[in-house]
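Heads up, the chain below is alone and in the form predicted on its own; it's given as structure tokens.
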Amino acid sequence: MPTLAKKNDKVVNEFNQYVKPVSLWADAWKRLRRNRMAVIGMWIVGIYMVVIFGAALLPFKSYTEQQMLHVNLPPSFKPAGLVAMGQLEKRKSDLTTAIEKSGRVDLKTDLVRIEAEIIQLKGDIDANPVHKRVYIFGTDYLGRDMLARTIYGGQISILIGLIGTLTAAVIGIVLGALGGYLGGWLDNLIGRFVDIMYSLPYMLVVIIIMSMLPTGSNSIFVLFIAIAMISWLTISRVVRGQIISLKNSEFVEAARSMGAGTGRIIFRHLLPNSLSIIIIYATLQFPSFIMSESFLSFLGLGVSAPLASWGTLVSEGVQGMQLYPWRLLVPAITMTVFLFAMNFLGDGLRDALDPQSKNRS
């Protein structure tokens, strides 16, 4: 077993060779890079963040602009005017065939309307630059660009995940650390309150809060509050257990003997040594907040129009999935890829920051 010694404030081994010290975070980063799926997940999450939060600086179209002549266009790399003209010509042909076979007079009204739209589009297709747009992800039932709506909807979904995670972390860390270190009646009070909150069905409580409070322009703020109110319970338990296991350690006794106060011991000594577990929990909890928001938006209790999130886009896409599948597939696949990437990254961080995994790497 090689031994290490200090020489001129440098660490050397038995062969008098300089050994570069490796910190916990450098060692964790080294092991994280060995996890291929975690690295792929980290790159995907990074690309999502750059595109979604840098959308205002990128040449994306407005997510609220409506073009009624571009309604429900399928994904295509052709100009929107040509795609819309093809759609109208196909509908005209289908209606003409149906009228000839069935003799239904009521369909002639639709045929006249489509012929008027074709004439309008032909006269406008060269003059209006709007018809030269390319909708690579198609459009929705109001002619809005699905790519822009998916990107800007991701801003709300990811912000809800970030704010929910940060709120849960702050509340859970403070209450868990105080209860675990101080113990006594404060620990019992926090513990019983957490037990009571655990006994309530989480999603039902959030649904009740969302249904009782008014919706509108402040619906996103209400959604933040509703999700964050219940989300801190687990992390408070995790932090409490970690603090209890560390509060009688030698470094805590040394700090206490030097006159360090309770706040300094908790926030300068105990919590930094629990940071790896907090990061792991936050990374794994992040996707669950996005799923909660998507579920609420799917039920109609989430983000209100004209704003949209991935959940509301999926809810709108389900209504026309048989005729216009891209309206469901685009936001659903986008959200699924992001959630998988976050889970892979969270699993990689858990393995990288777990001290026991050093013996397995």
Partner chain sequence: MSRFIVRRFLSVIPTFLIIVTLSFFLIRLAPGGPFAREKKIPPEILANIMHKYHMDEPLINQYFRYVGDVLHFDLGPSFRYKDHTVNELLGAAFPVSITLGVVSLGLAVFFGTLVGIISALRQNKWQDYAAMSVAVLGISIPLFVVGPILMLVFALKLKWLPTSGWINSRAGWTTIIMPSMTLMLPYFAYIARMSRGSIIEVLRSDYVRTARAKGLKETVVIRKHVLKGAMLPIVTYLGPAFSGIITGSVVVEQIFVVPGIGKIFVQSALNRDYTVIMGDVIVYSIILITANFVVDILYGLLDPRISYK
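Positions refer to the first chain, counted from 1. Everything numeric here is computed off the predicted structure, so don't read it as measured data. Rigid core here is just the name for the largest C-alpha set that superposes within 1.5 Å across the two forms.
Here the subject shifts to the form predicted in complex with its partner chain, a form of this protein not shown in this document.
Student: Among 166, 258, 204, 116, which has at least one heavy atom within 4.5 Å of its partner chain in the predicted bound form?
Tutor: None of the others qualify; the residue that does is 204.
Student: Could you work out which of 42, 328, 32, 55 is the residue within 4.5 angstroms of its partner chain in the predicted bound form, going by heavy atoms?
Tutor: That would be 328.
Student: Residue-level question: is residue 48 within 4.5 Å of its partner chain in the predicted bound form, judged on heavy atoms?
Tutor: Contact check for residue 48: no, nothing within 4.5 Å of its partner chain in the predicted bound form.
Student: Taking the shortest heavy atom distance, is residue 220 within 4.5 Å of its partner chain in the predicted bound form?
Tutor: Contact check for residue 220: no, nothing within 4.5 Å of its partner chain in the predicted bound form.
Student: If you check in the predicted bound form, is residue 242 within 4.5 Å of its partner chain, heavy atoms only?
Tutor: Residue-level check for residue 242: yes, a contact with its partner chain.
Student: Test of understanding: in the predicted bound form, would residue 237 fall inside 4.5 Å of its partner chain by heavy atoms?
Tutor: Output for residue 237 is yes: heavy atoms within 4.5 Å of its partner chain.
Student: Taking the partner as it appears in the predicted bound form, which of 127-135, 259-267, 280-288, 168-176 has residues with heavy atoms within 4.5 Å of its partner chain?
Tutor: Among the candidates, contact is made by 280-288.
Student: For a quick check, can you give me the residues of 187-202 that have a heavy atom within 4.5 Å of its partner chain in the predicted bound form?
Tutor: Stretch hits, in order: 188, 192, 195, 196, 198, 199, 200, 201.
Student: Tell me, please, whether between this form and the one not shown the C-alpha of residue 137 is shifted by 2 Å or more, with the rigid core used for superposition.
Tutor: Not so; residue 137 is displaced by less than 2 Å.
Student: Classify residue 46 as shifted (yes) or not shifted (no) between this form and the one not shown, where shifted means its C-alpha moves by 2 Å or more with the rigid core superposed.
Tutor: False for residue 46: its C-alpha shift is below 2 Å.
Student: Core-aligned, is the CA shift for residue 290 between this form and the one not shown 2 angstroms or more?
Tutor: Yes, because once the rigid core is superposed, the C-alpha of residue 290 moves 2 Å or more between this form and the one not shown.
Student: Taking the shown form as reference, are the C-alpha positions of residue 317 and residue 284 brought closer or pushed farther apart in the predicted bound form, with a change of 3 Å or more?
Tutor: It is closer: the C-alpha separation of residue 317 and residue 284 falls by at least 3 Å in the predicted bound form.
Student: Closer or farther: how do the CA atoms of residue 32 and residue 272 lie in the predicted bound form, compared with the form shown, if the change is at least 3 Å?
Tutor: They are closer; the C-alpha distance drops by 3 Å or more in the predicted bound form.
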